[in-house]
Ligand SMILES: Cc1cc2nc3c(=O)[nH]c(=O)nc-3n(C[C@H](O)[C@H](O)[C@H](O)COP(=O)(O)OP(=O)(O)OC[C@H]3O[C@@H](n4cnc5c(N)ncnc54)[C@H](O)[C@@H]3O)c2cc1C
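Starting off, we have a lone chain in the form predicted on its own, written out as structure tokens.
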């Protein structure tokens, strides 16, 4: 049986490592960048407890490797930029364990080392098509080190090639994008805060929000959001405007928020900018054996930190189901895709809707004080428990 994975990111590496262990399965994972090239991953990442739980149930060794490279995410605090605390939650109250705080590049390093020789790097995809001999199967062509390669009659093509997936665009069409009307900036800086910044925190000045946490070995990830209409205006990216955006007018700025504002204003040239958006979830192609995972399946708003988290959860669940069916002698890739979609569809709808709803405090005209107080109430906390605990692995009691 032939399986091809496009993309050695979070989901791709987890799948490649697990599926290669199946008897009689030929797994090829193709990655565009070179093995040590993490130039597009120069930020930090908070991975939710649900991903740690899902991966721990399916690949304990890999989970231990990531844990050793990360700091624990154990607490979530929301404040105003003047230091007033609105929300202070220990994750143990809503989850079965902590999450991870880690650099994107370090997560990639750990996952790619664990995937080993199962990944081919420096591969430029030149063609993705349905196989001529069987419309349910696919064919992929690529170049590597100046040589052309092609695989025909692929029994299962797994698209793990990110939010702007070329596989999804080619096989299932362009995914419509929904914008929230929020700009987001991302920055990774050396930790010179002298202990001011550690676990996951958010700071509001009106609907304008700062977010930060410390990651190994000695850096701080900083993100800022503010409402926009259309494109992000260039004048909003200047140091003076950024200072004004997050500095309270009628109270002194807290030491924590002040340090974060200094980092944003002082590192404009190194800041990555984007507009917060999502696209419809899709786990499988309608008429051939193509499975979408991670951002290729569901580009979502990052409000609850579920982007990479759900990529890990996707891969853990999909790999567990495929391994279980394969070991039982059930080798129908189309059926696998259908079952994975059924396993993940409602879960992903919940995650995406919850993430979108939690964006309410960063929208134009939002009242972050009232909005955050709602997050201290039982309905929101109950949804957090569902998010962090009910991971949906096949044949696993996820609510234990």
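Numbering follows the first chain given and starts at 1. Bear in mind the structure is a predicted one, so any value in this text is a computation, not a measurement.
Another form exists, predicted together with the ligand; not displayed. Remarks below refer to it.
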Notebook entry, point to check: Which of 326, 272, 275, 149 has a heavy atom within 4.5 Å of the ligand in the predicted bound form?
Noted result: 272
Check: Considering 284, 103, 214, 186, which brings a non-hydrogen atom within 4.5 Å of the ligand in the predicted bound form?
Finding: 186
Next item on the list: Would you check, heavy atoms only and a 4.5 Å threshold, whether residue 108 touches the ligand in the predicted bound form?
Entry: yes
Check: Using heavy atoms and a 4.5 Å limit, would one call residue 44 a contact residue for the ligand in the predicted bound form?
Finding: yes
Next item on the list: Consider residue 224 of the chain shown here, and say whether it contacts the ligand in the predicted bound form, taking contact as heavy atoms within 4.5 Å.
Entry: no
Note to self: At 4.5 Å between heavy atoms, is residue 54 in contact with the ligand in the predicted bound form?
What the structure shows: no
Note to self: If contact means a heavy atom within 4.5 Å, which one of 45-53, 335-343, 353-361, 63-71 is the stretch that engages the ligand in the predicted bound form?
What the structure shows: 45-53
Checklist line | Complete contact of 11, 31 and 309 with the ligand in the predicted bound form (any heavy atom, 4.5 Å) | finding: yes
Note to self: Need the contact residues for 124-160: heavy atom within 4.5 Å of the ligand in the predicted bound form, sequence order, or none if there are none.
What the structure shows: 125, 160
